[in-house]
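There is one chain below, alone, in structure tokens, taken in the form predicted on its own.
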Amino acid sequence: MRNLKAKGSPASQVAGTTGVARVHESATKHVSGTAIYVDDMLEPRGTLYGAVGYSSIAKGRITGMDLSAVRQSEGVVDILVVEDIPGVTDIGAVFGGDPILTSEEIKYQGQPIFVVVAETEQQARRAVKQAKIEFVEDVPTLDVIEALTAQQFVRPSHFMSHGDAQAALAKAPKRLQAEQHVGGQEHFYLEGQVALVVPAEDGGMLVYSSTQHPSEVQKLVAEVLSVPANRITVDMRRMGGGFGGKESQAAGWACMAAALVLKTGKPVKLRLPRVDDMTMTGKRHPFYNTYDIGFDEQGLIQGADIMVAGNCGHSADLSDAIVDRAMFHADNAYYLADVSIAGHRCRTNTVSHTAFRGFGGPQGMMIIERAMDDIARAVGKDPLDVRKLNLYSAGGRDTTPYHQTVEHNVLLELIEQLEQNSDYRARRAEITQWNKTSRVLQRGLALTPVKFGISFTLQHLNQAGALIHIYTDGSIQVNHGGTEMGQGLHTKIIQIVAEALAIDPHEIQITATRTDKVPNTSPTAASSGTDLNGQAARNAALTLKQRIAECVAEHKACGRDSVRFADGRIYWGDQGESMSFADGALFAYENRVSLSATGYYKTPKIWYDREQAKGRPFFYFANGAAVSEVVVDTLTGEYKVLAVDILHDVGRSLNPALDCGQIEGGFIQGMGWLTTEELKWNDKGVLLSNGPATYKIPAISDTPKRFKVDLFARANEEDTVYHSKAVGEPPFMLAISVWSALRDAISSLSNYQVSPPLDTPATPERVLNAMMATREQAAEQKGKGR
């Protein structure tokens, strides 16, 4: 059930512009199967097909390699090894440590060693299995605690503090310590990693890549081939999902294909089968977190010492920023007056973990949300009351651990609105009573909030460009630096430009993201796709609007202020004379006015001094809250999510339908991360959960029967595009309410006296173990007379 009203929007809207529910620009193509993804493109004559040979061990060295049988396989044209690379061989996104291919050291199972190219995809995949590679195997480091103890880090640790945590802890009336393991997550995008590279003149190449970061693919392909970036053009029309998995880790496959193009002179396509994709690409970082928290008899936090340790895999990739963001969100929605936070980047022998929706924020939030439940059990209060007591608020309780002031805070109002609309208190009373008489099934309820900072933590990424052409028939072509992966970015950009020019959105066509149209783009990530590219496109549109208005004012002998755009027409003068927008475009052209403009935008106000661990890393915060109700079978540990109520803050919604879709999808994906999606490596570091048979994402049957989403009625007070707020990542963390509700149901076995241990994913096995531990602890407390 959705409430699609943009409550904070003006009462009247121009049909089809911002603030209204407009269908996704590719929706019809998606459902009819006519949307063109990289693998659907018509391939040039003579296209060859690649397959990657990778390591079967997690740590060791290559001592021998015989590829003669590969070369002799049917259809094989050539083989690529690291010695064939003419340029750089380390394609690490930010820091080194990610060789495109290896010939010696092995750091993880799935590390690429060679690439074979053949006349058909099937021939390539068959040939790659003929390789004979000898290894000397070493014992891999797979445990994050082992890596933490040995201080095996991919990047130096980072620390932030506010006040004096140790002094506050020493004086606190009550104190708790806990540790927590938070599992990783496979991206499981519908479209796997794929690239098609076509040779061009002057040593150039046209690269079709399923990537969230075309400019990075362009840069790395150029470096691998040792050519200037201007010889490489990257084209990306749409992805079948990305979720962060194609931010940095799409580049390697494009680089391999490009190197094979250079070697063979033929177009090359490289598409990873699902098993290879899951084996060779990074996941959401698993985390090991701890807290030491002091609080008073009411549950108000006095001091906190928090540690987050990310399992980064074998290399840095984007882990430095990801662990930073986990630290930035270890407070979530709560004021911690005296706090210290440590963040460690642990090196293990797995694939290098990478960006995933939330970018470390969800893993950081988990530890403080555990603390809220634990404190509530310790003081005998409803966890919601403890959460509300510790929220950020005005009057000196509004500074984060990184010293940013929480402005325009709506959290308490939002939570209390959801509390009332979801009938939380009556449901809590009913569930508590029901649990007393139910012998097998126990129900749980939780309301958890989200405060999520919006901006890239790497400051220079907070910029975007756009290019708009108006043609003489009034039709418009827009290009911008963002990438479409199903989230509706292009649709929102169309609405933004349509509103700026007061025209019908049907007159606007968005073309594929291309590095030869808008250069030096940032990745579509950090929930900033619309914030950045929408503002850039709007600025370009306003430039063109200004040019046309000045032309009309000059040639119609009227004041510039009398020229206005409305309902697809241009009006001028006191008599209300007008012409269509299309006639206005032709009129401007005939009077030698440029109808092409670039737009640019950079996020204001943000800064962060990493040495001091102080600053304003985020332009603003997006907020939300969710109430989840679950039922648990105490005999088996199986459970079901019965009902979910969400109230989420998207500012002035640009498109309520798309925003609700993102909220629903983000929540379900987050629920999967916390419940069913379990990554499993064996003791030799071989990934066992490498396909849909061994890795369970949520199915439609897992969707709660009651699933109610409302948008919070408040425009963004910061000057974002039409005062909207980002919506891609924040809803993901609303699913923490499901995990908290499971803990609530388990705690009912102790009459809510015990706060159960429950690592994630909270599979039925873990839930069953948590129930046994809770009963045991409750019996111990009863025996001691507590």
Partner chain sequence: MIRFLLNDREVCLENSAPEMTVLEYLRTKAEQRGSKEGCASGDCGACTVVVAEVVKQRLRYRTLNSCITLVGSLHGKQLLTVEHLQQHDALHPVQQAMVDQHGSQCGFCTPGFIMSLFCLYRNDHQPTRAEVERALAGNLCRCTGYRPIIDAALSLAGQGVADALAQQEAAVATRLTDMLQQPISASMQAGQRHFLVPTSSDELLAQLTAHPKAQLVAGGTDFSLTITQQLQQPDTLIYTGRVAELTQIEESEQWLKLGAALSYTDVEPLLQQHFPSFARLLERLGSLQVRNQGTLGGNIANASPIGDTPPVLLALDAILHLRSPAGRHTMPIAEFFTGYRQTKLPTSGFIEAIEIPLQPERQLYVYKISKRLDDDISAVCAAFSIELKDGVVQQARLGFGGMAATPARAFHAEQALLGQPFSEQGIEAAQQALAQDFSPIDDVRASGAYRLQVAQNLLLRAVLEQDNPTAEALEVVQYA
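Residue numbers count along the first chain shown, from 1. Computed from a predicted model, the values in this text were never measured in an experiment.
This next part talks about the form predicted together with the partner chain, which is not shown.
**Student:** Just to confirm, Asp39 within 4.5 Å of the partner chain in the predicted bound form by heavy atoms?
**Tutor:** Although the partner chain is absent here, Asp39 would touch it in the predicted bound form, with heavy atoms inside 4.5 Å.
**Student:** Check whether Glu43 has any heavy atom within 4.5 Å of a heavy atom of the partner chain in the predicted bound form, and answer yes or no.
**Tutor:** Yes, Glu43 lies within 4.5 Å of the partner chain in the predicted bound form.
**Student:** Hey, in the predicted bound form, does Val440 get a heavy atom within 4.5 angstroms of the partner chain?
**Tutor:** Although the partner chain is absent here, Val440 would touch it in the predicted bound form, with heavy atoms inside 4.5 Å.
**Student:** How about Thr63 - does it come within 4.5 Å of the partner chain in the predicted bound form, if we only consider non-hydrogen atoms?
**Tutor:** Output for Thr63 is no: heavy atoms all beyond 4.5 Å of the partner chain.
**Student:** Among the candidate residues Thr676, Thr264, Ser215, Thr399, which is the single one with a non-hydrogen atom no more than 4.5 Å from the partner chain in the predicted bound form?
**Tutor:** If I apply the 4.5 Å criterion carefully, the residue I get is Thr676.
**Student:** Would you kindly say which of Asp296, Asp143, Asp164, Asp702 lies with a heavy atom within 4.5 Å of the partner chain in the predicted bound form?
**Tutor:** If I apply the 4.5 Å criterion carefully, the residue I get is Asp702.
**Student:** Counting only non-hydrogen atoms, which stretch in 53-61, 718-726, 742-750, 29-37 is within 4.5 Å of the partner chain in the predicted bound form?
**Tutor:** Heavy-atom contact with the partner occurs in 29-37.
**Student:** Each of Lys171, Ala376 and Thr448 near the partner chain in the predicted bound form, meaning some heavy atom within 4.5 Å?
**Tutor:** Checking in the predicted bound form: none of Lys171, Ala376 and Thr448 is within 4.5 Å of the partner chain.
**Student:** What residues, if any, in 551-589 have a non-hydrogen atom within 4.5 angstroms of the partner chain in the predicted bound form?
**Tutor:** Counting only heavy atoms within 4.5 Å of the partner chain in the predicted bound form, no residue of 551-589 makes contact.
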